[in-house]
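In the block that follows, a single chain appears as structure tokens, in the form predicted alone.
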Amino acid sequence: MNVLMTLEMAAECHPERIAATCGERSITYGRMLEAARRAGARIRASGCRHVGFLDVNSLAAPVALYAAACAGLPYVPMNYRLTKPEIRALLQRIAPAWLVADPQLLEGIEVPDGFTVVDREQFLREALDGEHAAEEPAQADPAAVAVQLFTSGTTGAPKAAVLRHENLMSYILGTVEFAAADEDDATLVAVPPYHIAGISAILSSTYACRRMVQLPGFDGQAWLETCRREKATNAFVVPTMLARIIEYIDGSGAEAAMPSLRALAYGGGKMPAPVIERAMQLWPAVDFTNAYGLTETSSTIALLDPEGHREGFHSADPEVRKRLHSVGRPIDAVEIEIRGEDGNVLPAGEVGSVFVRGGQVAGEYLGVGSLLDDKGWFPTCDRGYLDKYGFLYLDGRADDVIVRGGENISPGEIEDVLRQHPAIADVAVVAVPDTEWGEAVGAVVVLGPGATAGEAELRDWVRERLRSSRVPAVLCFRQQLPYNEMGKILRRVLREELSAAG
């Protein structure tokens, strides 16, 4: 199967059902398939090798994804929040290409040769109302590249991860039941289209025949109002989004009730304990799910399901309560194991490198090739451990480990201890250069509103709970931490700042 078949099946089963909504506009599954075929034929005739997408969430996002599949070309959504030179550099890497774009996002950018640039409205107009395209079988081979995603680049230049049709369909078939959604079901899509969560939202919603509500720009108020207006039953957010929704409610006194919402999934970064606990207080009837996955794994590989959330939230047993801060158990379609530095599998409770295997795991980059080993295992570059019940706990990225005098120190354990201090609202721990030990612990702290705490107090706090080697050698205070739009801390930025300060 290739990804176009999700739309073909939905259009055959429910041609008149609304597929996607954005503002006052909507499109049925039948019309979306026709639009994808029209646009796909036009793109295929252009001789391009990629279908680029530089735009916010709109009806054009799902149409462009499926049009690329009709054309048998990779779909390449790009981060519109990058700088103009960064965007141009990405464009150069996909030429020649058919580019669907918001003209405002292209202002000041010299588009390289070899591009056919079509603005969003023109693209939709021609796709929806253009000449009829003859029905053709899906062009893309299951082994062909369906989606090319540039990684966030929080630690360096973006890499081009490739996901083949067979990888994405392995994920969809293993996690979604076809046509399982009721006609009134709707999922609110707020994550940007260039993220794997945005791709999986389109594919999984289409296969379930669920209406997609596309939110072009996120803020807490807009998300709440859209959720209520469109009667969203499902939604996915990243941790920073959920934090901003709660901040808006608590700060403005806005109504928190969302009567239609049944399920709220989150992922893309570490969820602060106070945020998820506050969310569960605000919406006790909502089913929360923590979805852990990567671009290279076609989305989710582990889930903390609603039952796990409620057990952790209400339990007085510390062993059970801490599950609320895990990413749950591996989904049925994948295997996960934890390996030590020697490559051997570690027993339950020991921290090591997280490896994953399964049909949805691509683990491949342009210019680099596959990173799967001879048995199909992919190194996620995350660190963590599995407890004796099979719950996965993450402990940061492998690149984030602080090596002090030959001792590996996890930033995560220090961050968890500092977050327990009543004055701290947010914290990040990174490595800083040290002439004696090679690297030392650096911490950047954000205090809560009206809270006070000094460096000595916070160092003593860590020293009393962890070994002295974990005490921050460099500690500074900021009004906020630098996050990317998907809720990941930009540790590279903090390392540079602390190194300069030290």
Partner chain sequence: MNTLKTGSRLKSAVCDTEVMVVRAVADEVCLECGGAQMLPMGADKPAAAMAHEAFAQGTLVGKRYTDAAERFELLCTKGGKGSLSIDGVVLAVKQAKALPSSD
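Here the structure is a predicted model, which means the values were calculated and not measured. Numbering follows the first chain given and starts at 1.
Beyond what is shown, the protein has a form predicted together with its partner chain; the following relates to that form.
K.L.:
Any chance 34, 294 and 297 all have a heavy atom within 4.5 Å of its partner chain in the model of the complex?
P.N.:
The answer is no: none of the three residues contacts the partner (heavy atom, 4.5 Å cut-off).
K.L.:
Exactly one residue in 380, 167, 204, 214 has a non-hydrogen atom within 4.5 Å of its partner chain in the model of the complex; which is it?
P.N.:
Contact check passes for 204.
K.L.:
Just to confirm, with a 4.5 Å cut-off on non-hydrogen atoms, which of 407, 332, 373, 182 contacts its partner chain in the model of the complex?
P.N.:
By the 4.5 Å criterion, the partner-contacting residue is 332.
K.L.:
Considering only heavy atoms, tell me if residue 303 and its partner chain come within 4.5 Å of each other in the model of the complex.
P.N.:
It does: once its partner chain is placed as it appears in the model of the complex, residue 303 has a heavy atom within 4.5 Å of it.
K.L.:
Is the gap between residue 200 and its partner chain in the model of the complex 4.5 Å or less for some heavy atom pair?
P.N.:
Within the cut-off, so yes.
K.L.:
Answer with yes or no whether residue 481 is in contact with its partner chain in the model of the complex, where contact means some heavy atom within 4.5 Å.
P.N.:
Taking the distances in the model of the complex, the answer for residue 481 is no, it never comes within 4.5 Å of its partner chain.
K.L.:
Using a 4.5 angstroms cut-off on non-hydrogen atoms, would residue 240 count as touching its partner chain in the model of the complex?
P.N.:
Answer no; every heavy atom of residue 240 is more than 4.5 Å from its partner chain in the model of the complex.
K.L.:
Quick one: find which of 218-226, 419-427, 173-181, 385-393 has residues within 4.5 Å of its partner chain in the model of the complex by heavy atom distance.
P.N.:
Heavy-atom contact with the partner occurs in 173-181.
K.L.:
Using the arrangement in the model of the complex, list in sequence order the residues of 1-25 with any heavy atom within 4.5 angstroms of its partner chain.
P.N.:
If the 4.5 Å heavy-atom criterion is applied to its partner chain in the model of the complex, 1-25 yields 1, 5, 8, 9, 12, 13.
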